[in-house]
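Encoded as structure tokens, the following chain is the form predicted alone, with no partner shown.
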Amino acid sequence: MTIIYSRYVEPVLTSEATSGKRSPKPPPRIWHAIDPPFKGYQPAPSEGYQQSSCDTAIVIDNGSSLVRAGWSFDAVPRLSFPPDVARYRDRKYNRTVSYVGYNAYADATTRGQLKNAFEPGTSVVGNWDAMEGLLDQIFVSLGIEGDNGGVGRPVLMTETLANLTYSRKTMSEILFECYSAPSVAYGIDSLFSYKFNRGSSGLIISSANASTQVIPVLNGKPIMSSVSRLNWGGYQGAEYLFKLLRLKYPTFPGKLTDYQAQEYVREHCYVSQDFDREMSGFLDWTGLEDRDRIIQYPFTEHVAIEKSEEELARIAERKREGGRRLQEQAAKMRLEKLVQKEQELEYYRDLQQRIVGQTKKETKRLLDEDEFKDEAQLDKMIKDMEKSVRKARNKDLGIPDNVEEEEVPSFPLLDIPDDQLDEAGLKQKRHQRLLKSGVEARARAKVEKEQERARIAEEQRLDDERRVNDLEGWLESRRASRATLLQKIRDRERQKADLGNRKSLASQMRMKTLANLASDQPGRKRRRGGDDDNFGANDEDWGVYRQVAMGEQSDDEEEEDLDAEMKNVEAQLLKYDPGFSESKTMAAQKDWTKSLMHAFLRGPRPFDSESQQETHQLHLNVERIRVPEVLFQPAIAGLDQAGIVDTAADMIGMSSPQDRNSVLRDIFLTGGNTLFKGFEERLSRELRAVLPIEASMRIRQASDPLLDAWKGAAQWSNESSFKLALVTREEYQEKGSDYLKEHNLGNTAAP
């Protein structure tokens, strides 16, 4: 046996595959489980600092999923990494080390100390130590060499809509006090993306990592009083998928991480155009091979090395040779035992001859030496040994044993009165009485068996007559019997499942029974003066063992073979009921090819519980459309909010006719959570369904929903309006850290 550590996508070859036979199905497509996103050493692009001037801004898109930074003259951000920081004390070098971004996923130690700068599921900074580590990484990677540790350049930072004043205030304090920034400005990320895509008047639907926002914009100015937010984004979608998979595979041996769940949402999920219809048929066997996605986690497989024909022949010959040796040894042992038995038989026969004609005292002495009670026991021993020796000889010679007629035992001492017998005779009489009771019990059991066979034959005859005379009534009784048996089987399975749950009523009753049995003062009171334990005197007492073992409804003495009885009833229905087919039998219903649960858990292929490869697989099917559907139906995830279609429709409906036409001409999609396949088509179709027929609507997506926020901020930092929005260091010291200049991004022509 060979153990291999595998992460490949090809299936393990079976004996049929290696022998040249073609598999009836092609191997399924399998996706790898995603590794931690460590990208290795990345050199810092420090040449930008020499190209910059004092007026060149440092642009930071401070997102909760990825932080992007660069110079205002860059076409794309130079830095992009997650807002994660790992800081711990290195005992080897005796100093504190910090890993930022992708470097925080370098090994298990750094991943164990991972901290995110943002509050989980929000765009609000909650860990300012981590945020300071992110800013250190940004400024060092950009090659900033300001005097006295200051950055020496204006800083433009994006933030989410309706950011908390405390969060912006703390950020300003860090930038001015810790990094000596000469000036700072803030802007909303989704509006920057809209400006970069030349938007002027329209409706922005921004679905990012932390939330989804709907923002109406008129003449380049957002209408803040009409803004609406849905508390659902990429983070919540990944967390929802993570919970669904944990519920789907509670005993999954692999480790599912949050980062992997995020990648599965981005790579495998899509927006359904008709969710109810597609969900109802998603697990149909037709086409399930394409809809089901298999995620393979690392596993250890045991591979049996196949042997050649010559090796198999040699192994078989060794087995036969070993069998022959065992047979010879067994024959030798049987011969030795036979010789020993013959010697013992000869000894007992000699003893029988020696006690002939002896006195009672001498006879008792000779019998006591060989531990015999009387001569009768010696005679019985000699007869048994003669029979055993004869059997052994016939077996060695291959002669079949003749069936001897059973001797009718006699009990002569039972007719003799007790006063005519001595002590030994009384003992022998009691022994004969017990033997007679056993003979009579066996005779009664034999008669009862014959009566039972006769009763079953009579019931079968009556049942056949009823079937011939009244087929419909007979079939109806069989259907009722099958329904009763089916309910009993379900109750039995449910009871077994309840016994595994310590909080169920069955388990609680079982523990109560065990506690009563172990108690020194059992619940049933004994009569005064009766300290003897009379447990077992009544047949009901023995039910406690059945109750402890299987529950109250079990009956070991009269246990029914429900499965065999069900097969018998179903065989009769298959033979005589034209409306009962093979697909309706219990065995067919348990067939994996007809099981909806099997399709949900394991896809359209058989599952081998012994295969480590299949045990370490996740199957994504209905989750692929269920997770993105929350944006349109938040109620399926327990969110008490309206979907984006209802929110946008209400916002458009409350606008004036002139503003409504301006907004409908440019519905703008931005944010990474809008990149689902089919998102734009579904939104357009459902919005069109709630709008007037004469309304003119146009939906477009950002040229790059992930980077356009940073690009728009960099573009705006080169305009004259940017300098008017900057809060200088002097203004910060004079007016406080919560001071903010209101500014407009400026009107741009619509595309």
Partner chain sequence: MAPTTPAADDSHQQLLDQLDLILKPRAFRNTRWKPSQRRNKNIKQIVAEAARKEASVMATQDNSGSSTPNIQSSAIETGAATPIHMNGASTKSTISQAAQNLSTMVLERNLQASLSTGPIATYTNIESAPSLHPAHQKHYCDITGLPAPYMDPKSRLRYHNKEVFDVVRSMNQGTAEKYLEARGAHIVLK
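Numbering follows the first chain given and starts at 1. Predicted model only: the values in this text are computed from it and were never measured.
Although not depicted, the form predicted in complex with its partner chain is the subject of the following passage.
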Exercise. Could you tell me if S228 has a non-hydrogen atom within 4.5 Å of its partner chain in the predicted complex?
Worked result: yes
For this session: May I ask you to state whether S200 is within 4.5 Å of its partner chain in the predicted complex, using heavy atom distances?
Result: no
Problem set entry | is_contact(F607, its partner chain) in the predicted complex, heavy atom dist at most 4.5 Å | no
Exercise. Is the gap between G638 and its partner chain in the predicted complex 4.5 Å or less for some heavy atom pair?
Worked result: yes
Problem set entry | Candidate from S611, T484, T122, Q432 lying within 4.5 Å of its partner chain in the predicted complex - any heavy atom | T122
Exercise. Which listed residue (E342, D374, D491, E173) meets the criterion of a heavy atom within 4.5 Å of its partner chain in the predicted complex?
Worked result: E173
Problem set entry | Options 454-462, 293-301, 385-393, 126-134; stretch whose heavy atom lies within 4.5 Å of its partner chain in the predicted complex | 126-134
Exercise. Is any part of 414-435 within 4.5 angstroms of its partner chain in the predicted complex by a non-hydrogen atom, and which residues would that be?
Worked result: none
